[in-house]
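In the block that follows, a single chain appears as structure tokens, in the form predicted alone.
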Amino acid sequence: MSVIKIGHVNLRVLDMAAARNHYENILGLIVTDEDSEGNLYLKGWDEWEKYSVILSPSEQAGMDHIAYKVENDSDLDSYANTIQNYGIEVENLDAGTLVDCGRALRFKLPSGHIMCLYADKTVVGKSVGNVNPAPWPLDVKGVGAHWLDHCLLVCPLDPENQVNTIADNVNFLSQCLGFRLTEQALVGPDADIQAVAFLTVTNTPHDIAFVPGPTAGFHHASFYLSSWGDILKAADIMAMNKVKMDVMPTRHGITRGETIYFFDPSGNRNETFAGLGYLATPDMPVITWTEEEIPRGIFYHSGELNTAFTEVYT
């Protein structure tokens, strides 16, 4: 029984035409479906399931839910019991409630974010196929995002009132769903407050991450690229298309990833992320950043925090 990967993120957007142009022509995702309610489904060229991003028309930007895939359908029953025994209410979703997915579970993280688990989703295949594949498709658009890599969520943190939903999320995901903590930042006089947390279910540095904020929200969805050269090309493409960027090409200390941060037309932050960083096997000791080095952990080259990066989210 295991959670095996991030499955998709459902983002709320204000202008569907503008959002479609951004995700399809600039990020390079592939539109695979559009339903009667106006939801748009997209995938990266190197993904095989039908979608990893859902764009939903809304009057408020942000994230509706994030979904992870489990290994077997029977795992859903086991996870439902585990989550309920932890004290979190679980909603069982019939097949098709999540479009082109089998039955699923829906529940709220301690931070209030909605998460779903599913075991089956329609497979449409990679753009390069599975037999004698080319290294990349000739018809790739824009940045050419390979796949949805991870999401970072903002969680309430108020040590004075003994509220730390980052730590609560880490405990829940670790105890109930088998996520592994890879990196953290500890703050406070006794360095005992978990203020940043990165977790994985695969062998990458993170499949989900949490940072603090006054209210729960969505910080960014990250899309994988192969190399630093691809990151620089992505910045060129964004500049040519006048995409608003809040962090230019740089490196993280945390995860060691190479990155750009930018916004879709609705104000939802995206990231292009390159580099494995390190191999996050189950026996890897947790990496810890101290409070004074958090700026270096986030932006390794400058060692300085960007106010918009830490305070702006949807």
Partner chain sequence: MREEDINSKYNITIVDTDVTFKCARETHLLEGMRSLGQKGIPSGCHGGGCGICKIKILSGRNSYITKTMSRTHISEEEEKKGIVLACRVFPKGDIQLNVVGKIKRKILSGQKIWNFS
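Fair warning: this is a prediction, and the values are worked out from it, not measured in the lab. Numbering follows the first chain given and starts at 1.
The same protein has a further form, the form predicted in complex with the partner chain, not shown here; the description that follows concerns it.
- Contact with the partner chain, judged by heavy atoms within 4.5 Å in the predicted bound form, is confined among 134 to 142, 225 to 233, 193 to 201, 115 to 123 to 193 to 201.
- This chain is drawn without the partner chain; in the predicted bound form, the residue among 129, 87, 214, 96 with a heavy atom within 4.5 Å of it is 214.
- This chain is displayed alone, yet in the predicted bound form one of 280, 40, 26, 61 has a heavy atom within 4.5 Å of the partner chain; that residue is 61.
- In the predicted bound form, the partner chain sits beyond 4.5 Å of every heavy atom of residue 146.
- When the partner chain is considered in the predicted bound form, residue 108 lies well away from it, no heavy atom lying within 4.5 Å.
- At a distance threshold of 4.5 angstroms between non-hydrogen atoms, residue 244 is in contact with the partner chain in the predicted bound form.
- In the predicted bound form, none of the heavy atoms of residue 2 sits within 4.5 Å of a heavy atom of the partner chain.
- In the predicted bound form, 265, 266, 267, 291, 292, 294, 295, 298 are the residues of 265 to 298 with at least one heavy atom within 4.5 Å of the partner chain, listed from first to last.
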